[in-house]
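Before any questions on how it binds or moves, here is one chain, the form predicted on its own, in structure tokens.
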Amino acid sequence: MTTQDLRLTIAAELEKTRARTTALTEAVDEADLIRQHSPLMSPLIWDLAHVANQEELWLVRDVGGRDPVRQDIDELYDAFKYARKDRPALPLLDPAQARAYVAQVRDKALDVLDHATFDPQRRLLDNGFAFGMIVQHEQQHDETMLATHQLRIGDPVLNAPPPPPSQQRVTGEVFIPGGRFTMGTDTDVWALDNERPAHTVDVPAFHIDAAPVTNGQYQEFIAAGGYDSPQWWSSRGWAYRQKAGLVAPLYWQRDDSGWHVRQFGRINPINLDEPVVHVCYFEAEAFANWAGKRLPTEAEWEKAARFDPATGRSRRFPWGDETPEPRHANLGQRHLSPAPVGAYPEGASPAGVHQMIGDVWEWLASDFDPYPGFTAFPYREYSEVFFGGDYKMLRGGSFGTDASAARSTFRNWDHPIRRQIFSGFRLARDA
């Protein structure tokens, strides 16, 4: 790719990402913009100014060497300085100030892009890494803001067409032979530090479900008394189920006609064929025990998603190295729910595992740890400070994840009690 082509690609990604951020923040009135809809989430106005502050820190000041735009607000928008629950009390920029700041930073960032040389001797500039990092950072906050929209109470403000129907019946499980494969990446130019370095992992043979667990399957767990039977739950999971009063996935509600779900301000009947979403790790673990299976490890998940036995190499995506298109996966907030199982046969892995990218983040049995040879770059706070904490891995992205952050190597993590995220799961078992 020539320098000019790289500039055009980055500019397009920045524009697409900012359009999504704008749509998510313009969809609500100013009262909703500054309101905290849950102590688990920041007000939307904080996320808006935060993505601009990160853009200023990395693109304007660091890459561009330009004077600060608003150095006085750095502390307010430092994600490590104040917990989400405390952010509404801070002297945050008001909506007009935040929008002006966002626009000013973007103008300067685009000027930096126009003059960037993408010097391979400077890691932040090599292949435009810093710009790709900022695109992914903003898209991750866009997904967070989408989760905030799901938490808000009020009339619907977001609209999208329904996902495509199922095109293929997908049931049962797939056998993955044992052996070595390459996990992680050294070649994906915008891959983040925790995805690196590429390394060989020997994975024993296992079976993995061809599709994520669906709402219909999860209803069977509920009907069988899964939430009332401590034998299916870990000790921590059962304690949390009791403390939080869990009886069903978040946003589910039951009346005389059956189960319904609240989705972005609308109450809809449960679609039995869609992957279950908004369950925590402990719920996924309990379902797996009830079903006589387990959750996959991170290495198993990635091998099932990437390894091509015909060539012996690991693909970038389940379907190949081609950038995701609408026919491959449910990504990018094109729809506001997971798609029914079997909706994306062209996105299946070489082994025949479906919908590993998009629809729902999938809880895994593994903790968040570094790969052998990990090096923090460009800052410790993206990954390193979380290693060894109380986090479980999530892989694959959701319907709210952008393609820029949906590689088969992309690693997400969260506390095992979290349910507001777009999380589901699939099952595995030993061969």
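A residue's number is simply how far along the shown sequence it sits, counting from 1. Model, not experiment: these values are computed from the prediction.
Beyond what is shown, the protein has a form predicted in complex with N,N,N-trimethyl-histidine; the following relates to that form.
Residue contact check for Y382: one or more of its heavy atoms lie within 4.5 Å of N,N,N-trimethyl-histidine in the predicted complex. Although the partner is absent here, N412 sits close enough that one of its heavy atoms falls within 4.5 Å of N,N,N-trimethyl-histidine in the predicted complex. Although the partner is absent here, H141 is a contact residue: one of its heavy atoms lies within 4.5 angstroms of N,N,N-trimethyl-histidine in the predicted complex. Using a 4.5 angstroms threshold between heavy atoms, R84 counts as touching N,N,N-trimethyl-histidine in the predicted complex.
The chain is drawn here without N,N,N-trimethyl-histidine; in the predicted complex, the stretch among 311-319, 231-239, 292-300, 132-140 whose residues come within 4.5 Å of it by any heavy atom is 132-140. Looking at 44-61, the one residue that comes within 4.5 Å of N,N,N-trimethyl-histidine in the predicted complex, counting any heavy atom, is H50.
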